[in-house]
Ligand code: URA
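Let's start with one chain on its own, the form predicted alone, as structure tokens.
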Amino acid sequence: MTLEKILQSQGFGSRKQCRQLIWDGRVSVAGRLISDANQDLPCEGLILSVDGKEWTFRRQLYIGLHKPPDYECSRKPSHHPGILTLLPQEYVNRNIQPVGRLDHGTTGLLLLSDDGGFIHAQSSPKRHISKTYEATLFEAVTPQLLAQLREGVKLIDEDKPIAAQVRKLDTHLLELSIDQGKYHQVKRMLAAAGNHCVSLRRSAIGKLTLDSLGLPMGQWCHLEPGQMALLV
């Protein structure tokens, strides 16, 4: 692929803008400035340097992010900063999207990608991919509450969602797994069971845990193949 097309595919702008980057002497490969925008380069394993910053060529983006509170999972946020402001602008230029949504107050593991097939597969309710949450409650966790969540609670105009797994972690903290992703589902389930969710953190998607990524809040990482395999 030509260097200008590579830069465009990686989110550095239009073909014209990428060509100008090269002509301005701002792009190097293996420590060597390249001035020919039409120079062919192998893509796999390619590491570019643009304005002195290294960029690894990636055909698709698969990112895990530790979402902070008070961020919206939207490309057009209305009341809070958008989650995409935590990523490089080049990734935003590639039309990267959150895979599903966490409401602005919920923290924890969020996936983002520019791969439409991956986003659809991860979001499809037919795949029943488990999402695990840690919920801090207003009232203490009781055996009766756990039993209700396991048996299913009736939500308005919906079937009775059942917690795939639920366990008490502390007096006011429980862990709950669901394989659906309806609007505010965990919070509504807890309210229907007679309690109130004070704070909510998504701790895992499938078998991929937030703790295993070691991300401080607000930070992100590229997911490696072994980590992607856990998203089942």
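Just count from 1 along the sequence shown to find any residue number. In this text the structure is predicted, and so the values were computed from the model without any measurement.
There is also a form predicted in complex with uracil; it is not shown, and the following applies to it.
S.K.: Tell me, please, which stretch of 186-194, 167-175, 41-49, 203-211 lies within 4.5 angstroms of uracil in the model of the complex when heavy atoms are compared?
M.R.: Answer to the contact question: 186-194.
S.K.: Check each of 103, 151, 159, 139 and return the one that places a heavy atom within 4.5 angstroms of uracil in the model of the complex.
M.R.: Contact residue from the list: 103.
S.K.: Although the partner isn't part of this model, could you tell me whether residue 71 comes within 4.5 Å of uracil in the model of the complex, counting any heavy atom of the residue?
M.R.: Judged by the heavy-atom cut-off of 4.5 Å, residue 71 is well away from uracil in the model of the complex.
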